[in-house]
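Below sits a lone chain in structure tokens, taken as the form predicted on its own.
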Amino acid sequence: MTDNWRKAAERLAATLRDDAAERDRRGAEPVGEVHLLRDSGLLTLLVPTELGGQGAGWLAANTATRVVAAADASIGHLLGYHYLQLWRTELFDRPELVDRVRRDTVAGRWFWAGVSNPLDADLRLAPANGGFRVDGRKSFATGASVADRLVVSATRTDTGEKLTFVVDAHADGVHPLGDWDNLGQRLTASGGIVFDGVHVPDEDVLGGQPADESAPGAVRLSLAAIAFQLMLSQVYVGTAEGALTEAAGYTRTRTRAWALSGVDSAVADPYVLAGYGELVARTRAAGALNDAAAAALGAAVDRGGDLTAAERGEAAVAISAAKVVATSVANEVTSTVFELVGARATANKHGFDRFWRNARTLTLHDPVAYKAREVGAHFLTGEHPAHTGYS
């Protein structure tokens, strides 16, 4: 798509922005929004193109996610997770399966989601009929109810090994629960899911995660965890950017100058100007740090099988630093903009609260204090983050 992906992301963002507040109030399953993602052409951005390698594709996917998240954090979240799940398949040594996934994703304009919460290990795999039978429940499965295909992780009942596989989201026995009813990110379809005797043939199994971090391929496979952290951070920054954009539009056209300000319009009030200046500067700094982290991950991705643990560790620290700052900025900006738009802007019809609700909900995904600890440990001792489902 060369640079056309950026224009496509901006067009999609403009469409989503028009009725974002209304759709947030309804909180319906994002079926129509996924159709918009299909029509945008963005779903195949990470399928090999002339962008210049996996790392370049990853940078483009991160940027597209942030652009969309600025208009609608829920849909940016869905798009970012789609990229992550599709890209994860390429980390395993299953070239035939990966080629099939790529071809079918392009042909069918498939939307991908995942079922792999590291702290929720209630899915079981039992060998059966040239493959496995999957049973159990996961509490959170963002986008699964509106997806075409899923990347799923579950534990074998016979060996205890954790395997990752792909499955049709509409296969017999796959039952999304539709129980997502949270403060924010209302259009992410992040409720639970049940697997009841779902068959997965051997040819749809991607592979396992080695317990030994030094095992062949283990370092590359572990990139998935830090890529998830970066994608979340991109949505945080996008949410702050979106709040600023919409608040600024309101301030320019509707916010009244305060009686004691001595000026005729809010955009001439030095306190309003300084307030926006602080928030814009912080948001741009968070964006720049995220861009640097995305570049670090892109370089690690392009190392392929030659990636070292140290190189992976440096990328992980860069991502942790970006997430610490993005978390703070997203929560600060989405709250503070209310002080700049004024009391009348709290009317529900304007929907400014959605930015804060979305930021507050998503930034609780995993404790940011542990990201700060990783950055501090690296700074003081050179220690790299351990390989976990979150680092």
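The first residue of the shown sequence is 1; numbering continues from there. Fair warning: this is a prediction, and the values are worked out from it, not measured in the lab.
Heads up, the form predicted in complex with another copy of the chain isn't pictured, but that's what we're talking about next.
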item	value
Sole residue of D204, D302, D120, E311 within 4.5 Å of another copy of the chain in the model of the complex, by heavy atom	D120
Contact residue in the model of the complex, from G173, G130, G178, P270 (heavy atom within 4.5 Å of another copy of the chain)	P270
Contact check for E278, A321 and R344 against another copy of the chain in the model of the complex, heavy atom at 4.5 Å	yes
Contact test in the model of the complex: L43 vs another copy of the chain, heavy atoms, 4.5 Å	no
is_contact(A21, another copy of the chain) in the model of the complex, heavy atom dist at most 4.5 Å	no
4.5 angstroms heavy atom contact with another copy of the chain in the model of the complex for L260	yes
Residue contact check: T157 to another copy of the chain in the model of the complex, 4.5 Å heavy atom	no
One stretch from 181-189, 145-153, 70-78, 84-92 that, in the model of the complex, holds residues within 4.5 Å of another copy of the chain by heavy atom	181-189
Contacts with another copy of the chain in the model of the complex - residues in 125-158 whose heavy atoms fall within 4.5 Å	S139, F140
